[in-house]
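In the form predicted alone, a lone chain appears below as structure tokens.
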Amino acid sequence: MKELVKKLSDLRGISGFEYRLSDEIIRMMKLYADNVYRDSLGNVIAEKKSGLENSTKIMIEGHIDEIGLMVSGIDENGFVSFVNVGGIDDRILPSCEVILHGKSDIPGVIGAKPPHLQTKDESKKPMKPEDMAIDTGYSAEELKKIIRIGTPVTLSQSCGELMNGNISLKALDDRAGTTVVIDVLRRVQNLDLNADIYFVATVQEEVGLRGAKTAANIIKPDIAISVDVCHAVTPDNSEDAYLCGSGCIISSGPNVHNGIKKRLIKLCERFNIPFEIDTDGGYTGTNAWEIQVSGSGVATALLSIPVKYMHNPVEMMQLSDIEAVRNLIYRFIENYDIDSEDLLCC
């Protein structure tokens, strides 16, 4: 699992440009699925069928898009202006290393006025994207042969391993969730399934939960489990956050189905899977929000992995938490039988 999450993290595809990594996702899923296809929005959908008539449909999803930037202009000196794609904190951008994905990939760094040259008023205000520029070292003439306005830009953080099973990677939101989806697909190969399972790598979550909405309307699942991240405890935040190493964070609230939630908790207790309960009183900010109300309604669950420094160039989590979520979903599929249909009545 460690190598899989590293590989997925290092792939590059901001919201709306997921085609840059979806071919590799398809290749991985084809090794284990009965059928894999890409819908018109770009979601990758892998099917694993039970062979039973009128089988329950279960959708397992995690989103593959990442936050990033997009080229908005190139000035006469070759400096590149940009806009944000997704929820980036402008304060972390100065001095970030980036990659511009044009006809070829070009490394660059985000430059900003140094503190020595800032006025007193400027030094007190956070910089905005229009105050910064990407410097590639190329002249404007050279650069315009490779990139154009609209070229996607990703943050270039590389993979790192820290102590006690912690990893430091880019785009763990939500390549960690995609890791779970693919690894569960791999592990169900020898199961006698009592439901048709749809493993979905969704797009454009960071700009409006769009891919999950269209995928759910295509599949029309009876049950869905969405895998995303939640906030982990950091030096500046311990409220509504969970320690890395807590295991699987199971959401409770109006966005999730009570019967599915109860079954997941029982499975954690039965198979000694570490977990905690997250209380979400309303909007969860995840694909579960759109999946739940797609079609005539879907019995939806939300499982989260604690991540530190969300939406930063570097994010951090513990491998054991990814494994806990993976194990729980596997046990849910393994133990789903005809009698499980009463879950939908709870």
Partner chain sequence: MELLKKYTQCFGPSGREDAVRDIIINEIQSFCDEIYTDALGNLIARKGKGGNKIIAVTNMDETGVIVTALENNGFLRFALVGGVDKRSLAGRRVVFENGTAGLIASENDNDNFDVSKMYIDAGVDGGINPGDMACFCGDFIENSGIIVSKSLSGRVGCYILTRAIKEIKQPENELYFIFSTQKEVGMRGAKTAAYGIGADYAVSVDTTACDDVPGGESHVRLGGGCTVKVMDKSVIAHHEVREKLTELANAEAIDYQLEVNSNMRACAGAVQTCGMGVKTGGISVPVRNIFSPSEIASTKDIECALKLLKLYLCR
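Numbering follows the first chain given and starts at 1. Keep in mind it's a predicted model, so treat the numbers as computed, not measured.
Just so it is clear, the following notes concern the form predicted together with its partner chain, a form of the same protein that is not shown.
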(message) Can you pick out, from 150, 160, 87, 107, the residue that has a heavy atom within 4.5 Å of its partner chain in the predicted bound form?
(response) 150
(message) Can you work out which of 314, 41, 319, 26 has a heavy atom no more than 4.5 Å from its partner chain in the predicted bound form?
(response) 41
(request) For the three residues 17, 204 and 218, verify that every one has a non-hydrogen atom within 4.5 Å of its partner chain in the predicted bound form; reply yes or no. (result) yes
(request) Determine whether any heavy atom of residue 214 comes within 4.5 Å of a heavy atom of its partner chain in the predicted bound form, and answer yes or no. (result) yes
(request) Evaluate residue 310 for contact with its partner chain in the predicted bound form, applying a 4.5 angstroms cut-off between non-hydrogen atoms, and reply yes or no. (result) no
(request) Using the partner position in the predicted bound form, report whether residue 256 sits within 4.5 Å of its partner chain, counting heavy atoms only. (result) no
(message) With a cut-off of 4.5 Å between heavy atoms, is residue 250 one of the residues that contacts its partner chain in the predicted bound form?
(response) no
(message) Only one of these stretches, 96-104, 235-243, 179-187, 79-87, has heavy atoms within 4.5 Å of its partner chain in the predicted bound form; which one is it?
(response) 79-87
(request) Quick one: name the residues from 50-84 with any non-hydrogen atom within 4.5 angstroms of its partner chain in the predicted bound form. (result) 70, 71, 72, 83, 84
